[in-house]
Every structure is written in structure tokens, then in C-alpha cells.
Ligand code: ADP
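The chain below stands alone and is given as C-alpha cells, in the form predicted on its own.
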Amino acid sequence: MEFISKRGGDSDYSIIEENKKLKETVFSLKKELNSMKEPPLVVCDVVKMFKEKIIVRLSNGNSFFVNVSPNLIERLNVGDRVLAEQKSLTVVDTIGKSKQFGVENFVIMQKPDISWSEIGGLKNQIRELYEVIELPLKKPKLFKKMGIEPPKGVLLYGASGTGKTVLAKAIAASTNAAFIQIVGSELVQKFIGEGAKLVKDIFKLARENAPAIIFIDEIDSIASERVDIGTSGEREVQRTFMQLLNEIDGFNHLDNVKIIGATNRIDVLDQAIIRPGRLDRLVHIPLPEEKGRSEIFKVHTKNMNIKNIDFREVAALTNSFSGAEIKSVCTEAGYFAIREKRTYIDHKDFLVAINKVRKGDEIDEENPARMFG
């Protein structure tokens, strides 16, 4: 009888454990089912706060004056990302700081430290920038005395790697102006009106930090020639472009704010952006000539340990090279010296590097001059 009782006890214990696991499984399934039935919460950003209510902005750009859970109001700050109910938009929880709050998250704002001595072969282009950007910012009284209004901006155009961005940063450093850099494609946003608002906020930021230079790289991505296409994406790009034109022309004078656009596709630009009164000073940034290439080589090798370099020869061998490709030649020459365990770079390293950058072919390191003859 004892043996049967013991076996019966084990059986009862097993049944209890099994029931416990089944209850836990049922509870877990019910919880999962309830979570699926719950309506999703809306993610939004806190824009402004009042005593018991706040203004929030949704991802589509719309703003609402909403209620907040009583236990949450004291913990909120402007810029927080919060969760709100779908129907009433009552804020019920916070999930930290917003990563997309404010225009500063879309632009690069800095004080460049590039000097004119770091740019070679672009004397005429530097003079143009000095006249259009630097002179009006440094000597505005001169233009008032002359009774003329300087251009609002300049368009730099030319092949990739010719130095458009470097020129823009150098002029900002020379004028000690705030440099606000943005790529044109960043202005094309997903939701209706967001791109136009971003343009407006960028110009507002520039005015608040004047003197300032707004540099729009790849401006052709929003300022290409308008066509009659009914797609919503094309309409949004045109809406953003119209906001850019309005800011340049607008009721709020640009004052000490100048605009520099850059593109390597001037052929696709809408004529509205380069008409008189807007970016009407067009500055072509060409591939450097032989003398300019020699200057660029000297700029990029000034801190390098070089020996017996004939800059005239390497400049002659780099016909059709851009400034960026010349910089790449200098870097590759350094790698060839490191490969041979030398602490200096000689003329042969440059010859081999030129061939590698130009062709990427098999390199005859024993007789690099053979590649050019």
C-alpha cells in the first residue's frame, strides 16, 4: 500500500506541474492575443509645452494641441519623442529624445579652417568668389556707396573632384562665416511639405547665425528643369524647389547670408535658379591645366617627406586629372614607399602611382617610365 501511495503522490505532483505549465502557456497566449488587439500608438515630437497640454508634431509635418497623461507632464521637455493614442492623440508615454528634431540634424554646420593656400590652380575662380561672397560680407558699405546690390549667390559647376566644395569652405573660412552645408537630395523628403519646411528652416538658421554661407551640393537634384509630370514625387520636388526660390527672392532679406550652389550637371538645371537676381554668377571649375596641376601637387606634398621630385614632369603626365585624382596620386605614391620600407617618397613612386590612378593596370615597378613611353 505504501508503494502505491508513493506512486500516487508522484502522479499528483506531475499533474500539478503540467497544469501549471498549461496555465502559463494560456496566460502567455492571451497576453499576446490582447497585444495584437491593442491599437498602435502614434510616434510624435514635442514642439511646445503649456501647463497641462502640449503641441506635438507628427512625421508628416502636421502639428496638434493635445492632452498629456497627468503623471507624464512633469517629465516632458521640448524635443522629446513621445507615444500618443491614435484617436485623441493623448500622450501616454515618452521614448527619449527625438533624432529628427530640428533642422540641425539635416545639415552640417561648421567653421571651416581651409585657407586659400591649400587650393592650387584656381586663381580666376577664387577672384570671382571674393567679389561675390567675401567682399559684400566684409565691406557692405562699399556697395551702398556705389549704389549697387551684390549677387545673392553663386553657382559652381564642373566635373566631379575639381574642388567645388573646397572652394566653398575656403571662402567661408576667409570671411569667418558660419558654413551650412547640405546635399540637395536631403531636401527631398518623404512626406508632403517636409522638404519645403526644411528649406525654410535652413534659411532661418542661416539668418540667426549670420554672417553665414549656405552651400547646397548637388543642387541639380532639386533644381532640375521642371516637366509636366503628374507623379506625387515630382510634385514634391517642385514644391521644395519653389520654396528655395521664394527664400532667395523672399520678403525676408538675406542680409549677410550668401548661397553657393554646386553641380556637375548644369545642363539639366532649371533656368529659374540661375536667372538674374538669384544664383546669377556662374563660375566654371575646370580640370586644372599643367601649371595648375603642378601647384596642386605642391599643395598636397607640402607635408610629405619627398626627394628628387620633378613636379613639371608629373604635372605633364597627369593630363585630364582632377584635383581629387592628383591627391589620390600623392596618397598612392606614399603607399609604394611604405611597401618598399622607405621613409621618403621619390620620383619613381609618383610615376607608378600616376599609372595606377589612370589605368589600374599591372604595374611595372622595375621600369615605371616605360608605361608612359
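Everything quoted here is computed from the prediction, not taken from an experiment. Start at 1 with the first residue shown and count on from there.
Heads up, the form predicted in complex with the named molecule isn't pictured, but that's what we're talking about next.
K.L.:
Going by heavy atoms within 4.5 Å, which of 336-344, 52-60, 316-324, 66-74 lines up against the named molecule in the predicted bound form?
P.N.:
It is 316-324 that comes within 4.5 Å of the partner.
K.L.:
Report the residue, out of 165, 90, 110, 94, that has at least one non-hydrogen atom within 4.5 angstroms of the named molecule in the predicted bound form.
P.N.:
Here the answer is residue option 165.
K.L.:
Would you mind picking the one in 248, 178, 283, 119 that has a heavy atom within 4.5 Å of the named molecule in the predicted bound form?
P.N.:
When the named molecule is considered in the predicted bound form, the option within 4.5 Å is 119.
K.L.:
I'd like to know whether residue 78 contacts the named molecule in the predicted bound form, with contact meaning heavy atoms within 4.5 angstroms.
P.N.:
Residue 78 lies outside the contact set for the named molecule.
K.L.:
Contact between residue 159 and the named molecule in the predicted bound form at 4.5 Å, heavy atoms?
P.N.:
Although the named molecule is absent here, residue 159 would touch it in the predicted bound form, with heavy atoms inside 4.5 Å.
K.L.:
For residue 216, is any heavy atom within 4.5 Å of the named molecule in the predicted bound form, or not?
P.N.:
Contact with the named molecule, no.
K.L.:
Is residue 260 a contact residue for the named molecule in the predicted bound form, using a 4.5 Å heavy atom cut-off?
P.N.:
So residue 260 does not count as contacting the named molecule.
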